[in-house]
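What follows is a single chain, given as structure tokens, in the form predicted alone.
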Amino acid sequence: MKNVVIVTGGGRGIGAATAKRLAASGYAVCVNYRSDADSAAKVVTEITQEGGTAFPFKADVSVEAEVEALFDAVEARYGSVTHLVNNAGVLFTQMPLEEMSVERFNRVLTTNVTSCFLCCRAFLKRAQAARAIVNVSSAAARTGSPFEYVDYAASKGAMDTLTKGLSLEVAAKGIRVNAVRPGFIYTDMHADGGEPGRVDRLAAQIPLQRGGTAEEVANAIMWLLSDDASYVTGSFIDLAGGK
């Protein structure tokens, strides 16, 4: 059976690394993006130049109609979606909770959690060939990210709960649901939070004494999706250097 995967937020960072890693392993990949068409197109070009199969698709995955359009497009091009990586997410400038607006808090929850729910639901409703989901959570779900991103941490805690509950709902159908929890990874997201050098600042506090790479996270996602992890569901892999 051909492996067909949607990677949400696939144009940069962990999403881009995951899309390229999966394509190199023979998956047909949809590189989903919301606004940065150039980055998504670059990922697809790199994949196809290496002999892989991929196409970009614009969709705001926090919007129900756009999620349905995304799945329709992938099915029309490659057939049934067999794997899903929920990676789309947003993070805003560091600040304590008391300074956050309700608009910011709600946007983080909608972008990070509602998108995961909508994509999981669409995947399962079209589950003729569904095999595995990996949700990209964060080590912040464990730490709470005080004084910086409590809203982001809360959204990732919700994603963890969704992962666990859904894994139990669909286990008897042979569909596996797992998550990775990256932390201290070199990606552009830290610039979104107002501190591009955050990983370097914190490196001395990390047991492995360094930040991680998007490719290291992609390797974990690849394993969880693969048949090598065929007896793993409702589980979490922390990629935070021991922190």
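Not measured: the values here are computed from a predicted model. Numbers follow the displayed sequence, beginning with 1.
Here the subject shifts to the form predicted together with a small molecule, a form of this protein not shown in this document.
Using a 4.5 Å heavy atom cut-off, which stretch among 74 to 82, 161 to 169, 123 to 131, 89 to 97 contacts the small molecule in the predicted complex?
-> Contact-bearing stretch, as computed: 89 to 97.
Among 178, 229 and 236, does every residue place a heavy atom within 4.5 Å of the small molecule in the predicted complex?
-> The answer is no: none of the three residues contacts the partner (heavy atom, 4.5 Å cut-off).
Using 4.5 Å between non-hydrogen atoms, is residue 184 touching the small molecule in the predicted complex?
-> The answer is yes: residue 184 has a heavy atom within 4.5 Å of the small molecule.
Are any of the heavy atoms in residue 21 no more than 4.5 Å from a heavy atom of the small molecule in the predicted complex?
-> No - in the predicted complex, heavy atoms of residue 21 and the small molecule never come within 4.5 Å of each other.
Would you check, heavy atoms only and a 4.5 Å threshold, whether residue 43 touches the small molecule in the predicted complex?
-> Residue 43: no, not in contact with the small molecule in the predicted complex.
Residue 60 near the small molecule in the predicted complex, any heavy atom under 4.5 Å?
-> Residue-level check for residue 60: yes, a contact with the small molecule.
Option touching the small molecule, based on a heavy atom within 4.5 Å in the predicted complex, out of 36, 215, 64, 200 = Answer to the contact question: 36.
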